[in-house]
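Take a look at this single chain, the form predicted on its own, given in structure tokens.
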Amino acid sequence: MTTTVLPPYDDVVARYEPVIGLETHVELGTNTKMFCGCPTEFGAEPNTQVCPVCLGLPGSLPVPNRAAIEATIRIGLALNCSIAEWCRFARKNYFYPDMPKNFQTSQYDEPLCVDGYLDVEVDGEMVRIGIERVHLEEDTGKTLHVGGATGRIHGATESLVDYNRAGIPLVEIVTKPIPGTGAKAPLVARAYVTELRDIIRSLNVSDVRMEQGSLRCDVNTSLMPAGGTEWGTRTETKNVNSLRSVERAVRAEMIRQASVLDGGGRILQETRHFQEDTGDTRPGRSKEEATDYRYFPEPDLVPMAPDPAWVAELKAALPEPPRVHRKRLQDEWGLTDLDMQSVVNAGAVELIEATIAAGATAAGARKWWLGELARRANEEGIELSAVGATPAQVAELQQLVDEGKLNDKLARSVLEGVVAGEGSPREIMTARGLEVVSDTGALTTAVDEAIAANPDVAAKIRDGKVAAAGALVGAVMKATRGQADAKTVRELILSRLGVEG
């Protein structure tokens, strides 16, 4: 068995120029499906949200969902796209077990929104990413392969199909090729998906929860020799489902392709799958061209011609762009550009904003989300929003600290219980007996014992070296397992020794 030696990343970007492209699918948060009245609730019993239309049974006819069309136009406008005066749906033909109709109703050469752009900030530099198209289609069903070790069809003993998702409105946002990003290509990809997610969330048209598949990203990557002009063959890493994985997938594919090219091989145009556990990509299937899908106009749906006055009305009602929103928050929170970038990179903007709205100060909210909770998220390789604490819980935790009922050490223990699902911070503090002890009567015995055990330190304090009191405070804190109020302990020590300070 031979082992492939992968080149270092710095070596890859010194010899090759990456070109990336991103195709993002967003499930819209409409109450009903794209072409029928079936509900779209996530997590329902399998195959309970289906009807003849979304199953494509003979005689059934689709009716477009106006809310989905409006949401798609708003996304296009937010991405600076032109809105088509006339467009239509097409049938995209391919066979998959999760496709009950054997075709997907989508848009082909006449999409709803075209030719836009999105500016993203990477390491203090603005990168403009061209948007080729934003089109509307329907989602497929979902397959589950069981009996194997990987959850994939290879090695599975049986496959199950759930058509609840089939027919849910799906928006596909396709970028133009993005050359010239060099070593920052993985960061640019992550920044783009992050900004896109924030925009869509601000429009309130989708929950964009990547862990539930309502936002999924296909990452296209190719390499060409540095200084070259002809782009290399691209691969498409499918359905990457976290911001961190988008960055890792681009980086891993750049390294893999460089390894193949270094060995005299050629890159196959294919789909690939990102492996969360190993951080590399594995082959999927050869990549089809558009002609393989045998597109043709959907005969059961009339073309769409959005009223320009309606489009203008939607444009005028767009919310504040997230980038502008963040700048306003930065000013309100009093952060430097570097500090705000740390907040953005951690995916903590909305979490901190919600924590402040729940009653915490900006400094308190930022401390917990960028400190203890970010550390836990990094250790577990998950998004910060999925770490197990809510903004309301963090605000309550900080309130207990501000009230003097918890110090930082005890608060971290309480937060540990919050993440573990033990209840609210106040409930955990009470259940674990973690509240700071401020009662002087209860602390006096511990103070007297510390003075008796450290006569040399006590003598220094009596001689006027008040700073030495810190040693006795530490002894009392140790004896009380960190539950004593340090300020009260210090006052007691000085009082018992007859010293002012």
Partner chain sequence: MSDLTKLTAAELAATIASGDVSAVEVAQAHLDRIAAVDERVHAFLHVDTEGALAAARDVDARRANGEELGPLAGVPVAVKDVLATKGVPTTAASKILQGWRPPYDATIVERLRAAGTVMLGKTNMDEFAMGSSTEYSAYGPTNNPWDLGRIPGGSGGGSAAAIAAYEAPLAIGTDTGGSIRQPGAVTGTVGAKPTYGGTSRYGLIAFSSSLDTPGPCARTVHDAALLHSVIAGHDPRDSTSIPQPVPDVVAAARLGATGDLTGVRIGLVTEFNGEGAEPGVMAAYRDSIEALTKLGAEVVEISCPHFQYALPAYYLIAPSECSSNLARFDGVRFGLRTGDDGKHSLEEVMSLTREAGFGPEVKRRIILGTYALSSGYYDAYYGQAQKVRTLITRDFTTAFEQVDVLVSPTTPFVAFPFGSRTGDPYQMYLADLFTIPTNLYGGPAISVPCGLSEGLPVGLQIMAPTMADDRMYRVAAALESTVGVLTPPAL
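Positions refer to the first chain, counted from 1. The term rigid core refers to the maximal set of C-alpha atoms that superpose within 1.5 Å between the two forms. Note that the structure is a prediction, hence the values are computed from the model and not measured.
Keep in mind the form predicted together with its partner chain is missing from the figure; the text below concerns it.
For the candidate set Y163, F274, Y192, W333, a heavy atom within 4.5 Å of its partner chain in the predicted complex is found for exactly one residue, namely Y163. Among the residues G265, G180, P97, G155, the one placing a heavy atom within 4.5 Å of its partner chain in the predicted complex is P97. Heavy atoms within 4.5 Å of its partner chain in the predicted complex are found in one stretch of 447-455, 61-69, 38-46, 468-476, which is 61-69. Annotated contacts: P52, F103 and D292 all touch its partner chain in the predicted complex [non-hydrogen atom within 4.5 angstroms].
In the predicted complex, at least one heavy atom of P297 sits within 4.5 Å of its partner chain. In the predicted complex, its partner chain lies within 4.5 Å of some heavy atom of V302. Taking the partner from elsewhere, N93 is found to have a heavy atom lying within 4.5 Å of its partner chain in the predicted complex.
The shortest heavy atom separation between L57 and its partner chain in the predicted complex is within 4.5 Å.
After superposing the rigid core, the C-alpha of K327 moves by less than 2 Å between the shown form and the other one. The two forms, fitted on the rigid core, differ between the shown form and the other one by less than 2 Å at the CA of K238. With the core held fixed, H145 shows a CA shift of 2 Å or greater between the shown form and the other one.
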